[in-house]
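First structure 1, then structure 2: two forms of the same chain, each alone, as structure tokens.
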Structure 1
């Protein structure tokens, strides 16, 4: 049986619309999904909130009403012996059971739809072009994006062409981070010595902020990256610009970049000639025990005006 999500749409949107009537929701980024993947996520949020409201709201109202109705001073009907009713007890188990069953269906459907490795929602209308592969390496505390097909790389800047599908492979040099671009890409863990994947489609051109969502140490609060969705021509130009960078990204160069660094303002930098096996080398190195330690004095210096100021770790 396939659950018709669309049939439930009007019902689910109602409470959200009521709640939002009249306010500017521009800041509520999750309310404005842009990609097919993010749209499923937001619809799931609305369905779930709507369906749960069907039971939560009446319950809250009933409780409030009973509190009012049966206050001692009201002298309402008092039944000191009533503490059991078979019908009601069947209902109190039955109704939540039905609700949870519906929620389970929604859960399974949408989980498959947005599965970060291979979202079913994107398989429905496949794009004409092959997905753009990008390797993502989280360091302490920057993001490195490697474009294996284009042989370029960038720090703290993710640029992708509009209306295409992007497929990421992610790993980390040091600790665990979460990769997340609200409105665009689902969150996924980024773990040292391991690979994860994330997939999303791109909307019309625009600029967004992505960030690490899992605490990774002192520089975590500054661990954002710019996400630019550009036209195909713009993408070509950007690749050409990066390819012109004098800095070539070898593994040696990478080990320097991967030292603990806070990049305030997330100033991007670009690399040409990115080594094609860099991502795999980083994963293998982490598995072999390579770490990029964060000594206590580095932790103490981050965003601190004492202990020698911020300069030591800031680019």
Structure 2
């Protein structure tokens, strides 16, 4: 009989769910996936946590039982001729092999389902419209989102239409960051001089918080961005608003934005006429060794913010 992995899901996730039963999950964004990609990752996490609980919990109980059963004062039976037990061999080697095999199958399936460049889970139910392409550039310490098809850009604000597929190209100006929107988009590295890609679907309209999940210096705590899922009409209106910005995003303008900046409050900024080759130019510049050092005065102003003071946005 062929074993269906889906039939094992309730059994494997039960220990993890029981362990979390007393927790208030309202403030844990990771516990509330809203998209197909995010849900696959969440269930895979629960499954593997449950599988590991099936190993750890019985092992801990057996260790405690052995300590009690074979303590010196218990006068337990001693057999100096004992050398082998087939039952123990099967348990010690067989059970881990079976569990590793199951976890491997789950990991392979999950990896293919959420593979950033082409998630299989999205191919099962293809969207009616073409993916929305967005270029993402991480600086110290802001996020720049460029919409090549719409020729607009925004800082610290990602706006996408509901029930669509979004395809990202990501890079960084200086250090490695991690792009992450817990309820919507899986975590992925963003590296200087390199291009990574990410693909995710969008839920119904709502607002969420994205952030960097990799420490990137003094302003890391403020490196967050607003994520708005809007209706198609709302997206069109937002694009028109950004296109009306008097500030055009050329590479020269970008070099100003790329200077180490603490955007206190994550206030969005908009740009019109975004250069079509800007993303590629940033990648090429990083490969050539172009960097944006953090001045000492910026570090001091960040320290003031961390102490509860106020500091002017630094550029």
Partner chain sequence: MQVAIQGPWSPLLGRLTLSAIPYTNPILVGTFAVAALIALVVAGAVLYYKKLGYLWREWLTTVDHKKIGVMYIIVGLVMFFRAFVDGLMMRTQQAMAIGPHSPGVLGAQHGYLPPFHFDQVYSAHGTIMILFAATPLLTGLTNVVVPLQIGARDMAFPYMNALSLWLTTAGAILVMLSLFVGDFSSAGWVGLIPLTELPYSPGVGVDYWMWAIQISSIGTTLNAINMIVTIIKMRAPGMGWFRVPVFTWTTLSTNIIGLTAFPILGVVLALLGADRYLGTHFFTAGNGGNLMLYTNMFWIWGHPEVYFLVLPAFGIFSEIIPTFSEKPLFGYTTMVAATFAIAGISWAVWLHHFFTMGAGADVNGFFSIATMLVGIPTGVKVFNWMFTLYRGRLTFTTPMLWALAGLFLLLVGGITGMMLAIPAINYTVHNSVFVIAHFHCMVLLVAAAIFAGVVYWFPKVFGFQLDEKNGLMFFWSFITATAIVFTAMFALGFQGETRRLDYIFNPAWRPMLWTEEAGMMLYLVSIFYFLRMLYVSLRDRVPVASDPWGTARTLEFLTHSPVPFYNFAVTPQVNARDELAWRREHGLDKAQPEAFEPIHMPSNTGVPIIIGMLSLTLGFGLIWRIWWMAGFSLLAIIIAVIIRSFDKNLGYELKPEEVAAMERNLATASIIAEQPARTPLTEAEAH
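Just so we're on the same page, rigid core means the largest C-alpha set that superposes within 1.5 Å between forms. Positions refer to the first chain, counted from 1. Predicted, not measured: the structure shown is a model, and the values here were computed from it.
Only structure 2 comes from the form predicted on its own.
In the core-superposed comparison between structure 1 and structure 2, the C-alpha atom of residue 82 has shifted by at least 2 angstroms.
After superposition on the rigid core, the Cα atom of residue 59 is displaced by 2 Å or more between structure 1 and structure 2.
For residue 267, the Cα coordinates differ by under 2 angstroms between structure 1 and structure 2 after the core has been superposed.
With both forms fitted on their core, the C-alpha atom of residue 71 sits 5.6 Å from where it sits in the other form; this compares the forms between structure 1 and structure 2.
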